[in-house]
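First comes one chain, alone, set out as structure tokens in the form predicted alone.
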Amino acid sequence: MMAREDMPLAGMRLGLFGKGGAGKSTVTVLLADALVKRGYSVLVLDADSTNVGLAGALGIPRDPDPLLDYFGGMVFSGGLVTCPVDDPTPLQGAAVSIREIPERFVGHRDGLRLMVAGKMGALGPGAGCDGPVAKIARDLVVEDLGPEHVVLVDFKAGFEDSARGVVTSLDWGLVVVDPTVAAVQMAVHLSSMVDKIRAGVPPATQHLLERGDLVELAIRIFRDARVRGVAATLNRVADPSTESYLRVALTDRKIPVMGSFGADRTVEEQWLRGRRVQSAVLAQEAVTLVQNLELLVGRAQAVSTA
């Protein structure tokens, strides 16, 4: 096991974002495995309210029960978990010890744990939006994971969760970019949002004006955000020309590219059949991704302490 000073990602909370079909969950799996091999312990928080199959892709034999149940259900179904846009109030009891949370809420194997914020599919008609899932993803703090732990939060496709403020509790955002203009633009939007948060631009609060205390709370949450920046990794890149184009498109917009994954039909078959996602070629690319993330975070830490 490496010493903690040689593990710059230790204690980090990384959020994975991407447009639909970019391969965000595949990168989450590959990154989680690479981090474990590097010596980190990893907690994956599945914050995608609609996509399924992450447990099988991680090689975890069962789906954990949703944390929505642990926290009492979403407000739209009579529970206590509210949407962070309508109610920015922090989720009560969101700090939980991994030693105390019931086993049914945690899947695990070989240095890796999985928790699921919640899924919309089983909630029935009239359940409402999935904002409460985003609140769990924003506020959940799992304690007693050890000093070498990394938390990976796999968000749902699109930009909606970002706009709900989930980035405020992340250290870094990682956007998965496939060869589409929409994927590049999403990375640009997320990077711009984080830049504004770091510059002190307050969130939209016009809908909260009747509750001045909530306005002040929302502003404080964004003002105290810990997020340092946004990076990207390419995915489903078919050839060097496409990779070069995407790298230039992102770096020109000051979004550093940490890695590049090619297309792999074997991985698509594994997702289809609910098997563990494994690829020797992509696994090596994931090692490069981890190394580059360590360099990025290490440089940022050096600057902040200079």
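Numbering starts at 1 and runs along the sequence shown. Note that the structure is a prediction, hence the values are computed from the model and not measured.
The next section is about a form of this same protein that is not shown, the form predicted together with a small molecule.
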- Message: Within 4.5 Å, heavy atoms only, one stretch in 38-46, 240-248, 59-67, 263-271 touches the small molecule in the predicted complex. Which?
- Response: 263-271
- Query: Do R164 and the small molecule share at least one heavy atom pair within 4.5 Å in the predicted complex?
  - Reply: no
- Query: Does the small molecule come within 4.5 Å of any heavy atom of R228 in the predicted complex?
  - Reply: no
- Task: Look up in the predicted complex whether L293 has a non-hydrogen atom within 4.5 angstroms of the small molecule, and give yes or no.
- Result: no
- Taking heavy atoms only, is G20 within 4.5 angstroms of the small molecule in the predicted complex? yes
